[in-house]
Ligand SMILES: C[S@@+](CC[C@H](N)C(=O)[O-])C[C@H]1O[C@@H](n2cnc3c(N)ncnc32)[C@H](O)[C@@H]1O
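Just the one chain here, the form predicted on its own, laid out as structure tokens.
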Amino acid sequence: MKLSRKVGKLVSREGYRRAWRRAQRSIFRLPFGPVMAGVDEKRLREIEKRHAGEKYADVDHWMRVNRERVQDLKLHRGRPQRVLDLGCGGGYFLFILKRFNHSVLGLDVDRVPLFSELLEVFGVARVVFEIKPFEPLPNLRQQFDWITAFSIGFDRSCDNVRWGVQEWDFLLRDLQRQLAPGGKIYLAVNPLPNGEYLTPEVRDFFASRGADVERERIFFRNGLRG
């Protein structure tokens, strides 16, 4: 099969998946009214004003982004789950999950005052920890039904060198001990300088461990294989 036809099929498949997710969001809506009920809107607007210009300070925008994440993972439609979010930032994703009675925990560094302020307003718990290659996560004293990570930034060194198979293999094996039986892992990486999201070697590795890989999305629907 010619390369152009292979690429065309891949684009078509990804396009279909994205269109289907948009349709699902329209069918299974997630209104903001109940989500924001009882939140101190005044404090949120004060935080927005104080941190104006910072990437994650636009509360309305990042609420919409994370609403779509919750909808795409169907976490607004099922029973309560235990969710660990790696690199939780300001806690937008976990805050929405709390409104659906999920038990949530974030893990991230404590270097951005904006994030600490948002987490306090949202009432989201965070374990302060920096993910580094070949270093295990702390003992969180529980197992999780979901482990998520969005816009991943921990998979690169200070000189912007991305993780390879060995670094990812170590992290996945470490996450496996944090995962409850039947648990799921969802990861979303940032693009490489060339616009790609994963090297062929890393993509093949994720697939070999049972992941459904779609551009930046790496979804272990049925836990880890091998």
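Here the structure is a predicted model, which is why all the values come from computation and not from measurement. Numbers for residues come from their place in the sequence shown, where the first is 1.
Unshown form predicted in complex with the named molecule; subsequent notes refer to it.
- With the partner omitted from this view, the residue of Ile147, Cys88, Leu118, Val104 that lies near the named molecule in the predicted bound form is Cys88 [heavy atom within 4.5 Å].
- With the partner omitted from this view, the residue of Ile96, Leu75, Ile131, Val124 that lies near the named molecule in the predicted bound form is Ile131 [heavy atom within 4.5 Å].
- Leu114 falls outside the set of residues with a heavy atom inside 4.5 Å of the named molecule in the predicted bound form.
- Using a 4.5 Å cutoff between non-hydrogen atoms, Phe154 counts as a contact of the named molecule in the predicted bound form.
- In the predicted bound form, the named molecule lies farther than 4.5 Å from every heavy atom of Arg173.
- The named molecule is not drawn, but in the predicted bound form it has a heavy atom within 4.5 Å of Val109.
- The partner is not shown here, but in the predicted bound form the stretch 36 to 64 reaches within 4.5 angstroms of the named molecule through a heavy atom at Tyr56 alone.
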